[in-house]
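We begin with a single chain expressed as structure tokens, specifically the form predicted alone.
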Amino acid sequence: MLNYTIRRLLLLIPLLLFVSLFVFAILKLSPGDPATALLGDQATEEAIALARAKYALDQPFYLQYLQMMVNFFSGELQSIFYKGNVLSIVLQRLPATLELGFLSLLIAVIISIPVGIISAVRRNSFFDYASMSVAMFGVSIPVFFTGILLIYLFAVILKVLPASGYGGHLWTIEGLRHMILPALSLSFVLMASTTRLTRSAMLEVINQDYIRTARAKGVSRFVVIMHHAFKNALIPITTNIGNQIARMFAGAVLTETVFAWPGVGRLAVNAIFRRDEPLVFGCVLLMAVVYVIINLLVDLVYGFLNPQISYD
């Protein structure tokens, strides 16, 4: 397992290289000039030229890319708009995004897996049809629209939860109140997809011979479902959750914007509007590292779920 972990971490190098090249190319192909965006349209040509020289924007593209990469990994990359170290700025916002993602994942897993199991056990029942209809709705609706609906229902009509803002960390009461709506909005797609996959994985396992054998031996239905069936259906469910984490990061950009959440996603959006190329570069690279590490942890969990899996 150690060798496998080292190999996966080494693959992070070409991945970051590809992501950095792609992000840099998109930034340079986008219309607008960072110096003009910083100084405004009324700035003189001399002031714009000085700003471009200050931030090395007058250099050839390959030199700008190399300097940006060197500065990022040395921790010296500076934001154009915020006038600070990019790594420090992103790390200040990262805990808010991770807390939101953790709560969203927790809500999705707690709700979707039991619903998927019950739908599989009670196939073709009213509960099955109702839960699958809601799951289909959850997969289809955009994240930002879910957030708007939740704000209208719980903040405008019922007035029981705050509509936006950050109230503190997850373990504080006020922080949890502010986090419930964005977490629900972000978890809806994961909840829907996990419910559907749990149901299909359980249906496939329930029809296996060893399940019928366990029932024939008089094993209780609960033990058959939870110990024999669900345990063997966990691998595809875990794979789906790991894959959906990437979509959660993408959805966090929209969710944090809708709910004015001070995370990395909203920071990246503000940096894009302000043409802060170093900050956009740093946000995307850091989130790519977090995503790869989370997927590595998911892969390592496979070994605990199924000891037959070998990493050699």
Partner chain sequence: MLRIVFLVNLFLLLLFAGQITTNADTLISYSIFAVITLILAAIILTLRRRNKTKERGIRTGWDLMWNKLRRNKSAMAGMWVVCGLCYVAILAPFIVPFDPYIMDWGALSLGPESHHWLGTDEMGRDTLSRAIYATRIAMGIGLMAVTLNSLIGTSLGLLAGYYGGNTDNFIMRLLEFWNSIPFILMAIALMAALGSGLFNLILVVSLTGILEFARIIRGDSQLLRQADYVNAAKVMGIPDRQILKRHILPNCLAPIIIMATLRIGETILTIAGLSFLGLGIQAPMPSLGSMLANGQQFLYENITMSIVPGTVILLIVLSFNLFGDGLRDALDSRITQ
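If you're wondering where the values come from, they're calculated on a predicted model, not measured in any experiment. Positions refer to the first chain, counted from 1.
Omitted from view is the form predicted in complex with its partner chain, to which the following refers.
Of the candidate stretches 129-137, 179-187, 217-225, 112-120, only 129-137 contains residues with a heavy atom within 4.5 Å of its partner chain in the predicted complex. Although the partner is absent from this view, residue 232 stays clear of its partner chain in the predicted complex, with no non-hydrogen atom inside 4.5 angstroms.
Contact between residue 211 and its partner chain in the predicted complex is not found at the 4.5 Å heavy atom cutoff. In the predicted complex, its partner chain stays beyond 4.5 Å of every heavy atom belonging to residue 102. Contact annotation for residue 197: at least one heavy atom lies within 4.5 Å of its partner chain in the predicted complex.
The partner is absent here, but in the predicted complex a heavy atom of 149, alone among 106, 173, 91, 149, sits within 4.5 Å of its partner chain. In this stretch, 203-221, not one residue has a heavy atom within 4.5 Å of its partner chain in the predicted complex; the partner itself is omitted from this view.
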